[in-house]
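Take a look at this one chain, the form predicted alone, written out in structure tokens.
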Amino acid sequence: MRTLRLPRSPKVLLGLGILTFFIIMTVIGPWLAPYNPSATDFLPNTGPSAHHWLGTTSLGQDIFSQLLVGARATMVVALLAGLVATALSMTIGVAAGYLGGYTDDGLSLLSNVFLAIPGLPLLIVIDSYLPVNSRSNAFVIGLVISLTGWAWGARVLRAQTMSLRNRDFVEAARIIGEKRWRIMLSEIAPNLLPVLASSLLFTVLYAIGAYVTLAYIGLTSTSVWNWGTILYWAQSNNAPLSNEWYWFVPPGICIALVGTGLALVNFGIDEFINPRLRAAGLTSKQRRSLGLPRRVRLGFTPVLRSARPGVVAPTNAQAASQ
């Protein structure tokens, strides 16, 4: 099992910084909001100013307050859906890959059914059957989104589990009489942590897109502020046609930044899984000190080799020829 190490790539550190900022915004955003996001006490359709950093809506509501308050519902739904969907995909994928037989056939059929059904239409159908009160509950919406986002992760984990179930350490645990569930949890699951982390990141990104889409088309309660609700009201009041960019651009930028942060962190997970990518995040100074070329040749992947006793570190020319 690989040992964890701190990321060195600037891209990974930037992604962690972006996600940390939005997590802090999720926790303290409603407390930092200068006004009540639903209050209509201000002049309508005013641009950004010192009193209203992002202007006001056509009803006189402060957009900056809506953005801060809406971060909590958006991120809570995304994180909840990501965690539940990842737990479902791990349970189903590891069980199908390790147990095999009819269990594998049944769970694989279930995964294929959810993969074949388009996620967003299924999500809309499920959401339409929810009670009106449940549509304003972030936890209920997160659970509904998780039902449509676990299948592809389960397929990946099933394939990885099938490659691990015949390894020596798994055979040794099976010979000494360990139970199946204990083998899956203590022997196989720890070796799938990088894949699980990558699955979690992309499921969170999918959940943000799904939740914002549901709110944008008006299927969730418009009384609960999130980034999709802001876009819904901006579209309903023809903000793009009125050139009120300060109404719909900020939530779009927030959504894009969260997605960028998740993608950048995933680069670090890729480097953790594939050792041949670990030199990609080094600076020019670090490359020179390790004997790697400053610029990577097109079509070649730089390999970072640890020095061993009696082995001479490769020169720049030798590293480039690899």
Partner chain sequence: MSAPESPTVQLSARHLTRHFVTRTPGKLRNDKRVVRAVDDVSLDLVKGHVTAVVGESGSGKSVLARMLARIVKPTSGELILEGTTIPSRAKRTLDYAAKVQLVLQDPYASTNPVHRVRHSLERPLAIHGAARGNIDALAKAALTRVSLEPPERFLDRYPHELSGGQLQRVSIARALCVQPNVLLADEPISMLDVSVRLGILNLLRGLCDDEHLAVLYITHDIASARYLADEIVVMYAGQIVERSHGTALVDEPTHPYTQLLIASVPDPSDPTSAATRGESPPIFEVAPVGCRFAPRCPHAMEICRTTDPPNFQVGDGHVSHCWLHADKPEAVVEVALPERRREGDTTKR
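Keep in mind that what you see is a predicted model, and the values were worked out from it rather than measured. Numbering follows the first chain given and starts at 1.
Separately, the form predicted together with its partner chain exists; it is not shown, and the next lines address it.
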Heavy atoms within 4.5 Å of its partner chain in the predicted complex: which stretch among 82-90, 170-178, 109-117, 244-252?
170-178
Just give me the single entry in T213, N237, N191, S136 that has a non-hydrogen atom within 4.5 angstroms of its partner chain in the predicted complex.
N191
Listed residue (S128, S163, S186, S223) with a non-hydrogen atom within 4.5 angstroms of its partner chain in the predicted complex
S186
